[in-house]
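Here you get one chain, nothing else, as structure tokens; it is the form predicted on its own.
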């Protein structure tokens, strides 16, 4: 095994009521120009009221940006960069889901690395440390609060791409379950399965390691033990808190390992057809894990007791199939779409999807099985029947 390591956010505050720690965080950073970023949904339902009040308790009047897009475009960064630069932001607070947190992460480094604004994919553009950032997630799925990644859309290429830098890992994370209890059932399901993807993909990645496996197995246990409950009863705080921790642990996995083919095949679906990231991953997860079966029997056997606590120990040789069967069943229970046709994808689009998925070598090369073009094409074709 090659050298491996794990990178954590600077501080993590968790538990019901942990949002109040925001006052101390602002004081500890000596921040005077605190900028809060969120989207119109979060702002409109009043979830920003708590964070703003705790920042004001630190004696600071925050500047608010409440229109972060649901699908951050690489070209939207310049507008937000200009607004934050004018405010001389010295602490950024992201309150929202993965899109809000990703936008805030990239802005935290853009403010100190001006060349990044010209081209997010410019090699070596991120050199200087970021503006300090606090991530306050309102979903339990993306794990963006724990990762060094940010996902952006390049509209002219119909493609979503991942930007990676350890300098984007938040300085502080607040995991307060109260901010997730109003999440609609559909988003609860898709973001929860996205977190499950992070845990499972990082576990079978060629970069997996003991740190990753420990975190991934606990994430799988927490997510699989609670996702159906929160889908059916969004007010169950114990289950919500378990999902939030599971998502965070799964996000930590990505700082020491990587997603693989599920995410690689997902990117073209989000780029051209604007299928939400969690939904496209959820649609693909059982099919890709099934495709990887012959290279992952040992890994699936290790995962099974955490995913299927009632698995029959006398039938251990069947555990890999049981894991994949569970994934197919779970997507049905959570009402995840079963066909890409629902999103305007047609059989004649398969070659386009395949061509663009093949280009995501950064992830495909870490998949435990070397997938052929025909195998990738076959997954898309199966989802159009």
Ligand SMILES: NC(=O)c1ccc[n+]([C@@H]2O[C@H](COP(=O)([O-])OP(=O)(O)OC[C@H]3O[C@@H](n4cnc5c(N)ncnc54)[C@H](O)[C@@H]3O)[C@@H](O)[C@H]2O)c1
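Keep in mind that what you see is a predicted model, and the values were worked out from it rather than measured. Residue numbers count along the first chain shown, from 1.
FYI, the form predicted in complex with this ligand isn't displayed, but the following is about it.
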Notebook entry, point to check: Of 219-227, 137-145, 83-91, 124-132, which is the one stretch near this ligand in the model of the complex, taking non-hydrogen atoms within 4.5 angstroms as near?
Noted result: 137-145
Check: With the partner left out of view, is residue 47 within 4.5 angstroms of this ligand in the model of the complex by any non-hydrogen atom?
Finding: yes
Checklist line | Exercise: residue 337 in contact with this ligand in the model of the complex, heavy atom 4.5 Å | finding: no
Note to self: So, residue 277 and this ligand: in the model of the complex, are they within 4.5 Å at any heavy atom pair?
What the structure shows: yes
Check: Can you check whether residue 72 is within 4.5 Å of this ligand in the model of the complex, heavy atom basis?
Finding: yes
Notebook entry, point to check: Among 296, 189, 179, 291, which has any heavy atom within 4.5 Å of this ligand in the model of the complex?
Noted result: 179
Next item on the list: With this ligand left out of view, choose which of 307, 116, 285, 183 has a non-hydrogen atom within 4.5 angstroms of it in the model of the complex.
Entry: 183
Check: in the model of the complex, which residues of 357-376 put a heavy atom within 4.5 Å of this ligand?
Finding: none
